[in-house]
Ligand code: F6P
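In structure tokens, one chain follows: the form predicted alone.
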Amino acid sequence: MKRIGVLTSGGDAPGMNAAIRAVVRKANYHDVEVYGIYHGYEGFIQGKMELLDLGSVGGIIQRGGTKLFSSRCPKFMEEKYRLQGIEKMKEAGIDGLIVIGGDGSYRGAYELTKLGFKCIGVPATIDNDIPGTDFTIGFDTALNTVVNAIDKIRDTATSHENTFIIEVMGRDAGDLALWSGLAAGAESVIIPEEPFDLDDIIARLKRGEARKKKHSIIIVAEGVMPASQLADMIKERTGIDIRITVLGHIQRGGSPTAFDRVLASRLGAYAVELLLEGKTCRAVGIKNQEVYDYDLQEIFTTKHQADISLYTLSKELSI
């Protein structure tokens, strides 16, 4: 294998650029050329690519977002377009592809492998919802962004003696809400993986009032309900006027943390090794601090699990 492709797909995540850099430099170290494919699977179909050399990935390890841009491409699910893209790759002499992204990106990669095109998946999503890996690229950076925002909001909540509900991203996973809630000392954390208990939330607010507590922070994952809906439910039961903050896409931007840069470098380089070994339909991940690979099909058969022990700890510490 002398020429491979790399693309980023789906939602952007801090650390994607670090992964691209690792792919290019690891491949070049082994005298393998790398072509960057622009705009995800849309660019794959159109053959929109260019050769990436050492200089072209210089100075990007600290940048958020993705140098290769990203997009959603619904038509990629039609086989004729996947075959069109594979033909574009063959014309360019590209023998394998590294796909950096989340669940939808992995599904696209799997469909390509079924057509005989070699693919390796690298997990990059702030949601941390990819089965088979302890952490995904971008999660740590997003987590720190969320915690920083909560800390600032708590200053205002304290000054005005308010209760705030903060809605965080995560899709159907509660990791961002769970980890940020524990790190920022939130009074209540609501995640999709655990039953929602309005009575418990209200009881916590009342216990706080009883001991002269003047403010509270409630974190809700977007996969449970909108913050506005939760605020209405609490106000209807208690009469408490609640402030709402929806953090939104600020969580996806920013310079990646050192953890995400190192993780992206390790996973990107390992993905290259797998392709050079002739492997396909594999995903790379990290377990107990060790990089490893597993069958890409596991994303269809395994569900991501949040660490419920952290949820229990959060409740115990926010009494």
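Computed from a predicted structure; not experimentally measured. Residue numbers run from 1 along the displayed sequence.
There is another form of the same protein, the form predicted together with the ligand; it is not shown, and what comes next is about it.
Across the options 86-94, 212-220, 183-191, 122-130, residues that bring heavy atoms within 4.5 Å of the ligand in the model of the complex belong to 122-130. Put simply, K80 is far from the ligand in the model of the complex: not one heavy atom of it is within 4.5 Å. Although the partner is absent here, R72 sits close enough that one of its heavy atoms falls within 4.5 Å of the ligand in the model of the complex. In the model of the complex, the ligand stays beyond 4.5 Å of every heavy atom belonging to K48. Residue contact check for M169: one or more of its heavy atoms lie within 4.5 Å of the ligand in the model of the complex. Of the listed positions (R252, R63, R266, K26), a single one reaches within 4.5 angstroms of the ligand by any non-hydrogen atom in the model of the complex, namely R252.
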